[in-house]
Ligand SMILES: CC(C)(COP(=O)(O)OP(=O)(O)OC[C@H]1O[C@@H](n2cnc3c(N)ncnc32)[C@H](O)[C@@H]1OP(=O)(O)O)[C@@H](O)C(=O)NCCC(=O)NCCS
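Just one chain follows, in the form predicted alone, and it is written as structure tokens.
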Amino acid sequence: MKSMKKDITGPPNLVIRPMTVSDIDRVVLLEQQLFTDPWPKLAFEQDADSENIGFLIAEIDGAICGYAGYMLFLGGAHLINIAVASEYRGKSIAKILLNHILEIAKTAGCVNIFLDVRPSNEAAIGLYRKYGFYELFKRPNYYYSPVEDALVMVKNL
């Protein structure tokens, strides 16, 4: 399959950088705005100290417009989350964040990357399929608020 790494251009002043502890409050606020079952602040704080978990920030003019998280493990990676603020959607920010995480996973020697997604999140599923992810199985009742299964998808790197 052809590589999906493209020269995707987002807004001209878009910066992708690692998350810092000082970003956590703004990320938690965005998480609460976007998701019905948001991660608590403590989860981001605990992950900030992990060697195997990382988050990237998408920032425009000092404002956090999105973020993405990943976990590296022996031979593989897990895409924890990609989130883009509503007012910044349609500007390729999710694609740019996904490309960065795919490169991080490849550089770390991962052979595949997994993710969980709500079956009702058709936009995300469409993006992941364009990048070569395919469905492995469903996790029953994985999400709450509302309760929904998770599709587990994988991409071979």
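One-based numbering along the sequence shown. Please read all numbers here as calculations on a predicted model, not as lab measurements.
Separately, the form predicted together with the ligand exists; it is not shown, and the next lines address it.
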**Fill in**
Given 89-97, 43-51, 56-64, 104-112, the stretch touching the ligand in the model of the complex at heavy atoms within 4.5 Å is 89-97
**Message:** My question is simply whether Ala123 lines the interface with the ligand in the model of the complex - judged by any non-hydrogen atom within 4.5 Å.
**Reply:** yes
**Residue contact check: Tyr70 to the ligand in the model of the complex, 4.5 Å heavy atom** = no
**Asked** Contact between Val27 and the ligand in the model of the complex at 4.5 Å, heavy atoms?
**Response** no
**Message:** Even though the partner isn't displayed, in the model of the complex is Ala77 close enough to the ligand, meaning a heavy atom within 4.5 Å?
**Reply:** no
**Asked** Relative to the ligand in the model of the complex, which residues of 66-87 have a heavy atom no more than 4.5 Å away?
**Response** Asn81, Ile82, Ala83, Val84
